[in-house]
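There is one chain below, alone, in structure tokens, taken in the form predicted on its own.
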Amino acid sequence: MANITLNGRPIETPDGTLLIDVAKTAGIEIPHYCYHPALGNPGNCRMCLVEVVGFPKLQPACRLKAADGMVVSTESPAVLAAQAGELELHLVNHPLDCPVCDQAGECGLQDYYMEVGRYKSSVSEDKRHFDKRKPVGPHIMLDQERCIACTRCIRFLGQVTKTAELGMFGRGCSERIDLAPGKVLDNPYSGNLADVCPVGALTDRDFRHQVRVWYLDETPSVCPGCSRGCSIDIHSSTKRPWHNEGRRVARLKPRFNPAVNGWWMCDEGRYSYKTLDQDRLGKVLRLKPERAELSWDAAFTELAGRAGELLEDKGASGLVVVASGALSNEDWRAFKKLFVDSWKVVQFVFDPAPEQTGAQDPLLRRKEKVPNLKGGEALGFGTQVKSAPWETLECSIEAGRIWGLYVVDRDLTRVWGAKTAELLSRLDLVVFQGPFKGGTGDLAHYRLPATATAEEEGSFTNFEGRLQGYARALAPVGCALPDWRIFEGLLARHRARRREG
């Protein structure tokens, strides 16, 4: 351990820790642009200069390591003057478009100008002009005039994704960030560039001009897009211009978690929030034989009665439950109480293939596009329970051995295609439960609306067995309920029916 003095305070820190990290741990923010904990410390912005007793010059805190006996100041007159001078150099050619820049409110230039700037400009020449509003990929817009050449984006593409779509071109006053020849910024993690850019040079095309950041509220959550379960923050607002229906999600951002996703998240997860406003279910419906909108009490009573009659007459072996790894741990517990402990179901389909699987890579993305298969396995589901593969299930329905399906957040039309309607028409009871209608929603006898992850609180267990909780960011759509409440409602009616019988 090294004992140092920082701004007059004695601090003990592991020997060799960068001074910028020591200061942050002590609650002292040293201005910086180029340094990023996951991308290294090139020391080219020179904003993190500090004064160290015994050193002839100011030192960059992102390059200097703590050593025993060091006396460091981050707020001496020499440090503040140097930081103000460096900031002026960064702003010499920066455009004055803060009122229309999406980075306004979370911009390092704005923040540091208020802290160490507020100088009278010593430059009278016109600013240089480069390309503005240049699309460099499907998700990122480049504004070369706003760039301060911190190279975070280049290092991210070189060190993390290893795709190298951006580079530094030109020299001196002509230096600028641009696409490498023949490249398009379309890798699966390109959205992270809007996060690592400390200014408004790289902005998210999806978020541009939608809502100001000071109107956003943050809710800690977990990405439900794959079995990785990245830690994220949901940024929601009532100010999005095309919404008149309360709070909606404006964007998703990665939340630092060194044990799961580090600083990053993939584009699939980042832009998945758009589905929250598409194809949603909000009404409890009986679709067959006569279509009618029901209250939850009426639906629980009616469905529990119908299922109970069929279970008594035809046996539990003829009911198959098709479940999803999108269920939370709380949902899985209620699921087990209803289907295993009470209804005595023995046939389940849990395999996420084919419609809940996708691309996988060594960085974050997992093949299973659901967040909580491990949570189900912990309660005995998945490989530990007798399963019914899709081909076997199809043959069983055609042979008349299956009388009912209870489908939880799965789209059977993406499994069986055009044959789905004919197969389901052979069954005495089909229940569809989930937040999204999909192709199966109109083919069921009963349709029960469930909340999406952003509309409930709960927990997931990722593929490595890490348990993470998430909080509610939005109100449910219509009368949607969490899955566990639906299962418990049916269980209560089923038990009441048995007592009455």
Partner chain sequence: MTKIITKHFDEPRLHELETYRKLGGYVALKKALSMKPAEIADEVKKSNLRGLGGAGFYAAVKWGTLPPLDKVPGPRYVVGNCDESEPGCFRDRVHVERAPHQVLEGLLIVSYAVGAGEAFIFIRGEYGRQHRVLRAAVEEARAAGLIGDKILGSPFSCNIMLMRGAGTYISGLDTALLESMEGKKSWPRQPPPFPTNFGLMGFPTVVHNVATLAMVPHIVANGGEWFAKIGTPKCGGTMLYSVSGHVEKPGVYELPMGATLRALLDAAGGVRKGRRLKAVIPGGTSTPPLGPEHLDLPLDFETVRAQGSGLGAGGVIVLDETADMVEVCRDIIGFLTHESCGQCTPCREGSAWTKRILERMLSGRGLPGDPANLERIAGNVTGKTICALGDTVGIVLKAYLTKFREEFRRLASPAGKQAQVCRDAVSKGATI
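Just so we're clear, the structure is a prediction, and the values are computed from it rather than from any experiment. Positions refer to the first chain, counted from 1.
There is another form of the same protein, the form predicted in complex with its partner chain; it is not shown, and what comes next is about it.
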| property | result |
| --- | --- |
| In the predicted complex, the residue from 96, 298, 89, 259 that sits within 4.5 Å of its partner chain by heavy atoms | 89 |
| Sole residue of 127, 134, 288, 274 within 4.5 Å of its partner chain in the predicted complex, by heavy atom | 127 |
| Site test, 138, 211 and 246 vs its partner chain in the predicted complex, non-hydrogen atom cutoff 4.5 Å | no |
| Partner proximity in the predicted complex: residue 148 to its partner chain, non-hydrogen atom cutoff 4.5 Å | yes |
| Partner contact for residue 58 in the predicted complex: its partner chain, 4.5 angstroms, heavy atom | yes |
| Close approach of residue 448 to its partner chain in the predicted complex, 4.5 Å, heavy atom | no |
| Exercise: residue 63 in contact with its partner chain in the predicted complex, heavy atom 4.5 Å | yes |
| Location of its partner chain contact in the predicted complex, chosen stretch of 41-49, 471-479, 438-446, 23-31 [non-hydrogen atom, 4.5 Å] | 41-49 |
| Contacts with its partner chain in the predicted complex - residues in 150-182 whose heavy atoms fall within 4.5 Å | 151, 168, 169, 170, 171, 172, 173, 175 |
